[in-house]
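Next comes just one chain, in structure tokens: the form predicted alone.
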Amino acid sequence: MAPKNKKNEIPSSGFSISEYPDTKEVMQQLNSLINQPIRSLRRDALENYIDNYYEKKCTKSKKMINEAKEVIPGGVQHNLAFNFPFPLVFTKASGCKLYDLDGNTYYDFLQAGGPTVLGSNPPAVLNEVIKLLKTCGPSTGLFHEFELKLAEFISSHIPTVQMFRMLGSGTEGCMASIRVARLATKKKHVLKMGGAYHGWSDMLAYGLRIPGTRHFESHGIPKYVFKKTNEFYPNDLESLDRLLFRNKFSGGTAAVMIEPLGPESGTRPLDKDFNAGVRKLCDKYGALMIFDEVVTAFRVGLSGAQGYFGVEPDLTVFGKVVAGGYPSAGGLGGKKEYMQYMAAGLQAGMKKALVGGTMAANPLSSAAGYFTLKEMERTNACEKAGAMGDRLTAGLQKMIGKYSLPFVAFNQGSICHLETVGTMLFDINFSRFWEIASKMKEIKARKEVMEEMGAAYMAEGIVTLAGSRMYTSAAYTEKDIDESLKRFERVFRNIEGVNVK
């Protein structure tokens, strides 16, 4: 619920998105970007960052990572960690700042991948977590009152979530949603939007990051696993309609799963009315509509992206913020008629979706999630974080124009995108097989440049997600954003072809 405003003030929307991006204009800019030669850092600038920052100011991190490589594959446990030129070791997170082992300070636009809308380690939540640890401890394996409080909060703010079952991660929520959909519809096929990420379970590891890639990145998974999985193209309702029609004759479609902003948290943004079009097609063919709101729920607004778009999915996958940045952040919610298949406990008498998780809905995570959401509601955190995202994006757009760069900056509230190479903006078409090898080569080259850009941002004291996505939090101030923009500008001035007067 949006907080009341004082007299004569503009009413608060409660959403982080103040103005939805013009997706056609954004896609035109992105297509222009990937059709131009790569604009990378000058080699001398990259070498300077490596020699004078990483090698001189991050010596303790380098030493620890070298030790870690002996016992941890690749030296890190997290897929979001930067590996070029080597990962850094972080020791403290507070508000909008991160601190590394060598004492360097950074502006945090990774925000743990999105869950910390309040900023890292907010005292209002930490104090409540400490109280719980002193009494109950982190886990019992049995019911705790905060499971109920968290479920009631989520249900009261997201109308389509009549019931909520907490799980251990967004991946588990996605897995469970497919099992529920098949039980509820008695149908077989699953359709997902190409390029979208729905965790790393076998069946959904299809069409990852780039539409049309099918099983290209699904290493270790037998191809037969995808017999009942297919992908449709973003912003292409005709593509979805064709697949739904075809599936009618081979078991039907149980579910259509999408990220409501677009693949990879809106990296390839969806038209504003696209979700409504998907809803109509799901109704037409009797498929459940599943919103993957792992990132968007409680970041776009307390009623999620579905509240913003005014579209009602049948099932909603949760992650990230439902545990307030603490572990076991995941779950599934939806209408009672579908969520009955998620009943837990030992009672018999009906078919139940096979799910589990010893640490799911533990007291620690449930309490952290509940107090985080309550504090977000009290402080209007979504809208505040979105205002900072608007300021960051506007500053980046101004800078891109100043230096005549082909880069593209846009945002959906507090989810911000800075595309300098467009690695995930290509399409793969298997009917044009002769193009695939050259496109994959181009994508690989652009990914390497993206890693170098991310390393440069890090050396300037800015932590991003893969060098192309950023999350703002309510802990940011205008002063913080403006200082961050100065750091981005120092990187931009080192791009090949930039004429610095």
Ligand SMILES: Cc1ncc(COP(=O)(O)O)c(C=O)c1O
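All figures in this text were calculated on a predicted structure; none of them were measured in a lab. When you see a residue number, it is the position in the sequence shown, counting from 1.
Just so you know, the form predicted together with this ligand exists too; it's not on screen, but the next bit is about it.
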| property | result |
| --- | --- |
| In the predicted bound form, segment of 122 to 130, 198 to 206, 102 to 110, 369 to 377 with a heavy atom within 4.5 Å of this ligand | 198 to 206 |
| Contact label in the predicted bound form: residue 117 to this ligand, heavy atom within 4.5 Å | no |
| Contact of residue 294 with this ligand in the predicted bound form (heavy atom, 4.5 Å) | yes |
| Partner contact for residue 314 in the predicted bound form: this ligand, 4.5 angstroms, heavy atom | no |
| Non-hydrogen atom contact residue 325 with this ligand in the predicted bound form at 4.5 angstroms | no |
| Selected contact from 381, 190, 329, 150, since only one has a non-hydrogen atom within 4.5 angstroms of this ligand in the predicted bound form | 329 |
| Listed residue (218, 185, 171, 235) with a non-hydrogen atom within 4.5 angstroms of this ligand in the predicted bound form | 171 |
